[in-house]
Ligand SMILES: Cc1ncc(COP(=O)(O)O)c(C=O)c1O
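Heads up, the chain below is alone and in the form predicted alone; it's given as structure tokens.
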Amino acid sequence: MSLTKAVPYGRQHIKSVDINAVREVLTADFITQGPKVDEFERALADYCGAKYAVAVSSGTAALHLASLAAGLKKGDEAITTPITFLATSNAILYAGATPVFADIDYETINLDPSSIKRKITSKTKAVFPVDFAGLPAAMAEIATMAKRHRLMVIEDASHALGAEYRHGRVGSCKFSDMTIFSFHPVKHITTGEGGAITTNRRNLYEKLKALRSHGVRRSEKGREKIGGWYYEMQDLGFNYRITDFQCALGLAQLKRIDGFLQKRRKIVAKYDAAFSKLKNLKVPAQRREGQKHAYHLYLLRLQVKKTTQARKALYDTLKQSGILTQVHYIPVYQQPFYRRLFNGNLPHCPNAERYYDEVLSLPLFPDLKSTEQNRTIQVVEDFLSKWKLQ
């Protein structure tokens, strides 16, 4: 099988309007640290319903800066989910703090508020819920709990741009101090690589902007007294800046996000219609009251005998048919680095581990052809009928 002709689980949607937007910036005066960055940040904040947005070089950079802006440091703990990409918990470590893994709700795959509650200690300073696969977490409950214990809430919405919760868009920060997004090519919109943080708090906004660019802040008093060139490094920051041509791509993509979401939901409805009729398959959790799913991933869950063997066999069968799938995710604490970090004393998250044994992410992206989806469905149906006979 040629991988170039295979159907991936996710892929960017690039059209001439995107290429033209990037080309226009490449021939302009500024290709980085220019006006397109501000324009993209304003458009993103307006779309999400937040006061501020800070665009950065990646979703990982967004998580790192949010951890620092939250004041996480050595000796602190932050609670998050084991079912996420490594970047969520890694960012806590980057800040010097310790990640603590709470278990998930088996149905939604999002953090279980009751498990969070059991993990809170005097060292806990923040909670990092993840809107997994595009379904908003139980943010109202988490926010109430966080307020009671004086915790910062950093919502990892890398999967959830365009999702809705309690009649507002994810990223409005009604239930979080900061919300982060990723614009990797498989996400809802792309800037190539890139990310952003939204917030409604001016102090966090200013700190995030400074940390993005080496910790440098402009001092108006200093510039008036010393000269217009004057600047001050107040904190140890990073070069996490995003370019203007990336932001031009992001702006062009953001204008079409509603169409992207509509296509994703149509694909999901077709998968659901096919798989809901079959026993031994569990389709993704649907939105609950007051929520609207963004469907970054289509999580098909096998519930048959010898589940882990069946999942591997289905993965291999689909690959042989030119359909590339993925598993989202191996529980973070099972990674070799984290096993060493916890010195073998691993967290106990039975729902996360049960989910991991069952799941396979099927192709889901706006340009997925009907014929490709039909082929995916057919391979799954054929495989399942044969597996039952074993």
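Nothing here was measured: the structure is a model prediction, and the numbers come from that model. Numbers follow the displayed sequence, beginning with 1.
There is another form of this protein, the form predicted in complex with this ligand, and it is not shown here; the text below is about that form.
*Asks:* Flag this candidate site as yes only if L63, H184 and G194 all have a heavy atom within 4.5 Å of this ligand in the model of the complex; otherwise mark no.
*Replies:* All of them do, each having a heavy atom within 4.5 Å of the partner.
*Asks:* Out of the stretches listed (210-218, 230-238, 86-94, 243-251), which one is close to this ligand in the model of the complex, meaning heavy atoms within 4.5 Å?
*Replies:* Heavy atoms within 4.5 Å of this ligand in the model of the complex occur in 86-94.
*Asks:* Just to confirm, with a 4.5 Å cut-off on non-hydrogen atoms, which of Y329, Y52, F365, Y47 contacts this ligand in the model of the complex?
*Replies:* Comparing distances to this ligand in the model of the complex, the residue within 4.5 Å is Y329.
*Asks:* Would you mind picking the one in L161, I109, V130, A78 that has a heavy atom within 4.5 Å of this ligand in the model of the complex?
*Replies:* Partner contact (heavy atom, 4.5 Å) among the options: V130.
*Asks:* Does S58 reach this ligand in the model of the complex, with heavy atoms at most 4.5 Å apart?
*Replies:* The answer is yes: S58 has a heavy atom within 4.5 Å of this ligand.
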